[in-house]
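Listed next as structure tokens is one chain, alone, in the form predicted alone.
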Amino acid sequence: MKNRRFLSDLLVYIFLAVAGFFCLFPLLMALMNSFKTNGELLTNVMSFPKSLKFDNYIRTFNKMHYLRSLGNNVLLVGSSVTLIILFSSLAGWKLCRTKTGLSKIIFSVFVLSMIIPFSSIMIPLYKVVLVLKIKNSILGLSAVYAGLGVSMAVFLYHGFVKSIPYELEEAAAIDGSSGLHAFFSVVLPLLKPITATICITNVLWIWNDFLLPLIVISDSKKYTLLLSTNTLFGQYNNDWTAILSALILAAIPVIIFYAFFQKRILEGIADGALRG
């Protein structure tokens, strides 16, 4: 029995190791080739670099205005996630506590909006951006991201609020807390696990998104990291080593962020499943 258990665990670990390697293979290839010269890269993509060319990263750092683009990314992600958490937590809580037909209809609209593909609303969304005069605005783009991300967040918050006893809010009301004060002082702290999950998943989505910033932002001084990377592509000349090093530089901050907070994702998912 022990031998069978050991063999079963061994096969599972081998499978996971192979699957993990295939997932990491593109990143490893990009990292390896980012240290090559263009000649080495075009000669053999699979070979190891003869020597580590750190000047690729120095050249890319300057060409893509890395610090400015990084600041734009941080501002965009921070403001977008803040708006998503603030409005979706309030909406999910209110829709859950309000037992009316209208609240059910509104919640259903939020749920149905999740199945609408972005490609079908891309052109109307661009026209809305022009009408609201928020083109080339980081904060305006944050509002657009909030509108796109709030439906899933409301759905998650709505399900999580159901597990919180309403008696806690009644006790806060007896102590003199108003509805909003009770929410921020009693309910919101209890939503911490699902809030962490929503925060991290939206950070990963917004940080790695390319299409929406490409539509809204045309001012090079407000480019995100991926838009700055895109400027390295040309019609007649592509500096592939610079492009690969730019992708690595763009990925490093979010990889570090995910490495620090991945446990929060798992805790939030597990806690939400148990409470649901």
Partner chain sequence: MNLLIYATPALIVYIIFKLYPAFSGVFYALTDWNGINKTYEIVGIANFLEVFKDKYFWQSVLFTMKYVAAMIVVCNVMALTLAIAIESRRKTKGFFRTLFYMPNMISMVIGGYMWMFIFTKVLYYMADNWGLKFLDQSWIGNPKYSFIAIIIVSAWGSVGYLMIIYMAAIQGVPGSLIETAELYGANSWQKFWNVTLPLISHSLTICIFWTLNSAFQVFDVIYTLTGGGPGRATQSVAINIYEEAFKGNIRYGYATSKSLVLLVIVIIITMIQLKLMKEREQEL
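Rigid core here is just the name for the largest C-alpha set that superposes within 1.5 Å across the two forms. Numbering follows the first chain given and starts at 1. Being a predicted model, the structure only gives us computed values, none of them experimental.
From this point on, the text means the form predicted in complex with the partner chain, which you will not see here.
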Does Lys133 reach the partner chain in the model of the complex, with heavy atoms at most 4.5 Å apart? no
Distance check, Gly78 to the partner chain in the model of the complex, heavy atom within 4.5 Å: no
Touches the partner chain in the model of the complex: Val128 (any heavy atom, 4.5 Å): yes
Quick one: does Ser151 come within 4.5 Å of the partner chain in the model of the complex, counting heavy atoms only? yes
Run the contact test on Leu67, Thr82 and Phe260 with a 4.5 Å heavy atom cut-off to the partner chain in the model of the complex and return yes or no. no
Where, among 140-148, 69-77, 156-164, 189-197, do residues come within 4.5 Å of the partner chain in the model of the complex by heavy atom distance? 140-148
Taking the partner chain in the model of the complex and a 4.5 Å non-hydrogen atom cutoff, the residues of 192-226 making contact are Leu204, Asn208, Phe210, Leu211, Leu214, Ile215, Leu226
For Phe35, is the CA shift between this form and the one not shown at least 2 Å following rigid-core superposition? yes
After a core superposition, would you say Asn44 shifts its C-alpha by at least 2 Å between this form and the one not shown? yes
Large Cα move at Ile243 between this form and the one not shown, threshold 2 Å, rigid core: yes
